[in-house]
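Coming up is one lone chain in structure tokens, specifically the form predicted alone.
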């Protein structure tokens, strides 16, 4: 991995835009002089980002402890051996559960999946399948109601008990600003539009499905982003996968971050362009790009599994150097980052004109559905006639459009209140508080200190299911993630913070996480942060200790 313009870009680093003196890192994590000398050549490597950054930029990816990595591989090895044993027992009809056995009438069909994928699903995934797809029956706010279910065939099927688990703390939804609710100005405005326009449009924008509300939304999005024009789409995933082939084709080169979302990956593959993958947040090589008609750089602003934020100032500098086009996916960052909630461009204080294609979704911070693309007027006019999402897809539902308009105006302060600004600030405070407390407890936490997506590392396969189940017993709903969505030894729980979370809710969740962490022995960090007692407290005043 090459170093970037701002310094080393080692994957397991803490990056800070500050000065280093006497063992301390200002605007970053503070080490004692003795600890700094001992740890300088180990896991945490602090770099300066020069003049590109106008604010501190700190990301931490602590290395997996060697013993934990070995035990994780051993755990997967044991599960694999038992899986083959169970397959043997199924073959000879000794195993009582026959759901994993191929039915006789299907044996002559071509396999839909590779052998290992089938093996993994029936022998590893099914053991912990109860941790996913839990149906909720309430608004996905700070607390949710979950329908209780049971399985009597090793998670191959579920039956509902009729009971409702009430008031589960929701730590898994992308409801960053808390607009996913059934009360307040957004709900009232959407209900009014529902009465006036109905639910569906039943047509595409190019036929008879172009409403005045769609035009209003696109004008508002363009003002919010600070670009000339914008276009809205009914599905966030299709905003990427169906628009990229309209912009990129054969003879072009796509430089794609390894952690890009599946929608970006699919769009790039459908385009027919040459694709080169580079390591996340590292400088990419482009010495060979002269033979291509156009160069496109694709980035997800949030690596939502890592809690990482794109190093946009460096990306823009490289984009200008190689005269490339920059396509920025702000699905997670729009609304959730920046002093005014305008995403990663706002977060770094950059000019929106430096980004050629600004993509984002309404499914997270705005509590709605759909996506958008913003940029030059020529770009948007071209997409209106060439994008499959524009030509063939049904228009956005009017109540959904009104939900987006109302929430966006709230963020911009155009509703006459400061509620939107307060929500953005509350999310930032909740994020820093939650991350700091988890690190104090001794958990390994990935990502940027300002990222509301907080990965807590679990590592071992048996602890994926155990963590999810133990948290639900304590009325906390969490998302757990394992292979193949993550590297095989980097299973994790992924918390999503929201402005709707009060300090009381966060403290309750933290108390239970701490208890489960002790129960499952998840506190792997060798660099626990503790408050420095000899100076006034603030969010960045910590000493790093070696356990």
Partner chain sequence: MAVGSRTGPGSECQDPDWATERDPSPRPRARGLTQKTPTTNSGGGSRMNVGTAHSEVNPNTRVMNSRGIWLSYVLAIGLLHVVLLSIPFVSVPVVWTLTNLIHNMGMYIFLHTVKGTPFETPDQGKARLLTHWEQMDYGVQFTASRKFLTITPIVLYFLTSFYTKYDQIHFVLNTVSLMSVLIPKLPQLHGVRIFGINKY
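Residue numbers count along the first chain shown, from 1. Everything numeric here is computed off the predicted structure, so don't read it as measured data.
The next section is about a form of this same protein that is not shown, the form predicted in complex with its partner chain.
Not displayed here, its partner chain is kept clear of residue 197 by more than 4.5 Å at the level of heavy atoms in the predicted complex.
Its partner chain is not drawn, but in the predicted complex it has no heavy atom within 4.5 Å of residue 208. Though the partner is left out of this view, residue 73 does reach within 4.5 Å of its partner chain in the predicted complex, counting heavy atoms only. Its partner chain in the predicted complex comes within 4.5 Å of no heavy atom belonging to residue 167. Listed stretches are 470 to 478, 343 to 351, 225 to 233, 252 to 260; the contact stretch with its partner chain in the predicted complex is 252 to 260, by a heavy atom cutoff of 4.5 Å. Listed residues 160, 92, 392, 116 were compared with its partner chain in the predicted complex; 116 is the one with a heavy atom within 4.5 Å. Of the candidates 404, 427, 180, 273, 273 is the one whose heavy atoms come within 4.5 Å of its partner chain in the predicted complex; the others do not. Residues are counted as partner-facing when one of their heavy atoms sits within 4.5 Å of its partner chain in the predicted complex; in 60 to 74 these are 63, 64, 65, 66, 69, 70, 73, in sequence order.
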